[in-house]
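Encoded as structure tokens, the following chain is the form predicted alone, with no partner shown.
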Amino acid sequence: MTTITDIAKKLGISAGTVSKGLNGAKDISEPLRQTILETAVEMGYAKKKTSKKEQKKLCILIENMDYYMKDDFGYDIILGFKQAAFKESFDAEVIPTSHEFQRNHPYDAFLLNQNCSGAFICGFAFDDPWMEDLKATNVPTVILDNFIKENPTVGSVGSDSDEGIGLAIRHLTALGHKKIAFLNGSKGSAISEMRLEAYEKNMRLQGLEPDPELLAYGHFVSAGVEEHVQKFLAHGATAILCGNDLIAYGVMAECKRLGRSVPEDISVIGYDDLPSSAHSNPPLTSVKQDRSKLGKCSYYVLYALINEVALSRNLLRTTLTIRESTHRLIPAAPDNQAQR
């Protein structure tokens, strides 16, 4: 179990200063207090409960999302949520779920049994049983990358897909690319549908009509991209935009296997800007989501809902991290020159 002394050693400060930061003392700076609180959460520190009345609990319900390691997509989201909740004396418990579990445990009854004041939902798809329950729930709930209509107790948090996809497409068109393929994430995912709509819209804004032969659904993993990459290349793609960084890693590996150089022969862009993308071969250009702020924003929206402030869609801004996986289009040599 992490102690105040452990936190003090990591930060290089006294245990007394850590104690002041954890207990809201006024004689330390606010930036230092924030650092102490965020480090405490990251290290797994938990305050001792002095009475049942003081215990406030939130649930993080998660499915189809890795969050254990720093390079996992969900790691910083969960950490950011916990850090924000910790400052308000909320405990945030991560509870993995599944279709079968949801079918056997109605949403409201489960949260009541857990004694949760509210919930943050990550990784759910359209067909998850609890998605139907959320239409009528009275439990304050925030859902990541999804949306429930006409229920004021359920809010939504995500990054602006239209902005992020637009940044990627404008970057590629500025490099001369017109045959831009899109290998999306899993079909049936709300975020996949949002990004497909954003891709089609932003292609048209650049005067380019989306080609159905250059569009495909995959999965949010590296495996299984081979058939799609081969099809895209056969139809003349010079750039491939991917639904996340893991897909992009698979795309680059398949291009290499086929003897195509990234980025000289084909440019590749990911989405998420995972820490490992700076060290891929080549380093990956990627649309950046600030996942820590996504987690913190999710807590702030949930806190508002708990206090009967009905928030709907809440989108964070994106940026584009440009690295070596994208390159200016090199026009193919005319046939008569190629034969010399």
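Source: prediction; values computed, not measured. In case it trips you up, residue 1 is the first one in the sequence shown, and so on.
Keep in mind that the form predicted in complex with a further copy of the same chain is not shown, yet the notes after this line are about it.
- Contact check for 78, 186 and 195: none of the three has a heavy atom within 4.5 Å of a further copy of the same chain in the model of the complex.
- Note on contacts: among 297, 36, 65, 59, the single residue with a heavy atom within 4.5 Å of a further copy of the same chain in the model of the complex is 297.
- Proximity to a further copy of the same chain in the model of the complex, defined as a heavy atom within 4.5 Å, singles out one entry of 256, 178, 231, 170, which is 170.
- Contact check for residue 45: no non-hydrogen atom falls within 4.5 Å of a further copy of the same chain in the model of the complex.
- In the model of the complex, a further copy of the same chain stays beyond 4.5 Å of every heavy atom belonging to residue 98.
- Within 4.5 Å of any heavy atom of a further copy of the same chain in the model of the complex lies no heavy atom of residue 262.
- a further copy of the same chain in the model of the complex is approached by residue 314, whose closest heavy atom lies within 4.5 angstroms of it.
- From the list 207 to 215, 106 to 114, 147 to 155, 231 to 239, the contact stretch for a further copy of the same chain in the model of the complex under a 4.5 Å heavy atom rule is 147 to 155.
- Residues are counted as partner-facing when one of their heavy atoms sits within 4.5 Å of a further copy of the same chain in the model of the complex; in 200 to 233 not one qualifies.
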